[in-house]
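Shown here is one chain on its own, the form predicted alone, set out as structure tokens.
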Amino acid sequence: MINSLPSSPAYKIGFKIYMGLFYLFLVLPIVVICILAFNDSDFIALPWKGFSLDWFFANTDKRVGLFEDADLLHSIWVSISTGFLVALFSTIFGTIAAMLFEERDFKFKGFLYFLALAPLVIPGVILGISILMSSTSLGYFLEDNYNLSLEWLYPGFWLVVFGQFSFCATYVMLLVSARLKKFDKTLEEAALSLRATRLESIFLITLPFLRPAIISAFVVAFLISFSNFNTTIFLIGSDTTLPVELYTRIKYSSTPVLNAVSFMIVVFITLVAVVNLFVNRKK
């Protein structure tokens, strides 16, 4: 809708109704889940039976709250640990890749850029299966022929980190590249003319300019890793991440503790987004 162009009252009313329904569709399920996290009921859905904090703090035979559920807390910790490592590795390598692709004399630039974007095109299920098959095949080969056992090649924590890194780094690369497009190359050239080394110009000029994008990319990579399911489900070992743990529970048995987990995730993501927005605006 372009405000400068004339429009009929019916169009304006229809546009407002459409926008209201659109955001209602997005927000209403989240609001319902957050409200039901405090429902004094043994079931995950309505009707409302009163306010209760049991699904956060209870520890009885019938009800076990979020903060008393060892398995859920462990899966949250695994997701946080995985997300931090994935975000860290993705930010480092994604930033380096973005800077390399901005170089004019970078050989095979087009082909390598296409390969870097491939994880975004390939479905997560296919990506997870391919990583699982290739890593385990390599692990069995090394073990059978060279008696070399590498645990990170088999389903487990480090294979999940590697699998999520394979596509999170691409998101970081795109976010940093968008910021790098606005960078004035003459600043680096001026630093080099003043006898600064290439690394000094990068660390003192380029990276400070990219800092807001790097911080945002780190947050985005962490959130993508934290919520990833379709790739992680094939690479997970005995230590499950939170999305896999929730899927397992809702598949076989569901209690409002899942609503409590969802409420905490919404609060956490909202806080991270607000902090990230504040940091970027300040920069």
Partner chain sequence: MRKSKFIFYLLLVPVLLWLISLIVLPHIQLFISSFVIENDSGDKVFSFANYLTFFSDEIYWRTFINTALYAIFITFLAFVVTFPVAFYITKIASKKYSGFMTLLLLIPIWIGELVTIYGWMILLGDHGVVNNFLIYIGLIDTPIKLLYTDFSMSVGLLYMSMLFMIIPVMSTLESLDNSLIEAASDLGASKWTIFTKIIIPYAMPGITSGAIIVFMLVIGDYVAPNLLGGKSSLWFTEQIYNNFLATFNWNVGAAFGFLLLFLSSVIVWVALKLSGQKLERVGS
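On a predicted model such as this, the values are computed, not experimentally measured, just so you know. Positions refer to the first chain, counted from 1.
The next section is about a form of this same protein that is not shown, the form predicted in complex with its partner chain.
Asker: With the cut-off set at 4.5 Å between non-hydrogen atoms, does residue 103 touch its partner chain in the model of the complex?
Answerer: Answer yes; at least one heavy atom of residue 103 falls within 4.5 Å of its partner chain in the model of the complex.
Asker: Using the partner position in the model of the complex, report whether residue 176 sits within 4.5 Å of its partner chain, counting heavy atoms only.
Answerer: Taking the distances in the model of the complex, the answer for residue 176 is no, it never comes within 4.5 Å of its partner chain.
Asker: Does the 4.5 Å heavy atom contact test between residue 153 and its partner chain in the model of the complex come out positive?
Answerer: Contact check for residue 153: no, nothing within 4.5 Å of its partner chain in the model of the complex.
Asker: Whether residue 227 contacts its partner chain in the model of the complex should be assessed with a 4.5 Å heavy atom distance threshold; does it?
Answerer: So residue 227 counts as contacting its partner chain.
Asker: Just to be sure I understand the contacts: of 196, 80, 131, 88, which is the one whose heavy atoms reach within 4.5 angstroms of its partner chain in the model of the complex?
Answerer: After the contact test, the surviving option is 131.
Asker: Ok, 143, 189, 71, 184: which has a heavy atom sitting within 4.5 Å of its partner chain in the model of the complex?
Answerer: Contact check passes for 189.
Asker: Residue by residue through 41 to 59, tell me which have a non-hydrogen atom within 4.5 angstroms of its partner chain in the model of the complex.
Answerer: Stretch hits, in order: 44, 45, 46.
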